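Just the one chain here, the form predicted on its own, laid out as structure tokens.
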């Protein structure tokens, strides 16, 4: 693996693969701002194997594997070459449930093992109800909240299946006014992280601490989120397929599965979700 020192080199490499592609396969969609941060922190390396460009994003104790491949054959050859490495490699396949089955099977045949699956839910337009402002007890997160939110992520989310942001990254999202917090007795009872892009509102995380369940913390956060989403007409989110309780809550608020799945795979067969 070679350390990446320039965002431009990544973009040029991706374009080169695209030009030679028969049927491009990728799980990486460049965000230049984020790419620059990864490179600046020394967290991104790359390697070309059998025509596929692999990017390795360093996390705390594993590598997140991104790929841009010109064909299924090239991707399979590359995955075979990587599967036996000593590092924990975690990759994902994003595809429609029906048409993406072949790609899920491809990754599984070449040394990577299913770990978890996320499903995408969406809804059109705001739900019925009045969203006149932030609910009582809900506020935009402040800089001092970043380490507390990061700690909750570490304690309550799975680092392999759900991408956990660093305290610094959370601080940047707070600065962009993308995180809501609900407090109770000086503790964070829940938080919600979202992102607006044009007319699409992406709910990235909606968390209520177990000690504060059944106190309407979640509905207060979600109502405040809908208020801040303004003129958005499309609402999307990802949730673990195994999290039936969360899916039921989202359906209650008008979300429905839209058929897009995100399969998480690892080169370590002994890994089990939740352990």
Partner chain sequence: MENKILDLLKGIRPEFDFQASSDFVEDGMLDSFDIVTLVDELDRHYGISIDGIDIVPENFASVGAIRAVLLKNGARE
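Positions refer to the first chain, counted from 1. Worth saying up front: this structure is predicted, and the values here are computed from it rather than measured.
Below, we turn to the form predicted in complex with its partner chain, even though it does not appear here.
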### Task
Name the stretch, out of 139-147, 173-181, 120-128, 73-81, where some heavy atom lies within 4.5 Å of its partner chain in the predicted bound form.
120-128
### Query
residue 198 near its partner chain in the predicted bound form, any heavy atom under 4.5 Å?
yes
### Query
Taking 4.5 angstroms as the cut-off for heavy atoms, does residue 94 touch its partner chain in the predicted bound form?
yes
### Query
Just to confirm, residue 58 within 4.5 Å of its partner chain in the predicted bound form by heavy atoms?
no
### Message
Under a 4.5 Å heavy atom criterion, is residue 19 part of the interface with its partner chain in the predicted bound form?
### Response
yes
### Query
Since exactly one of 209, 48, 234, 216 fits, which has a heavy atom within 4.5 Å of its partner chain in the predicted bound form?
234
### Query
Would its partner chain be touched by all three of 89, 104 and 160 in the predicted bound form, meaning a heavy atom each within 4.5 Å?
no
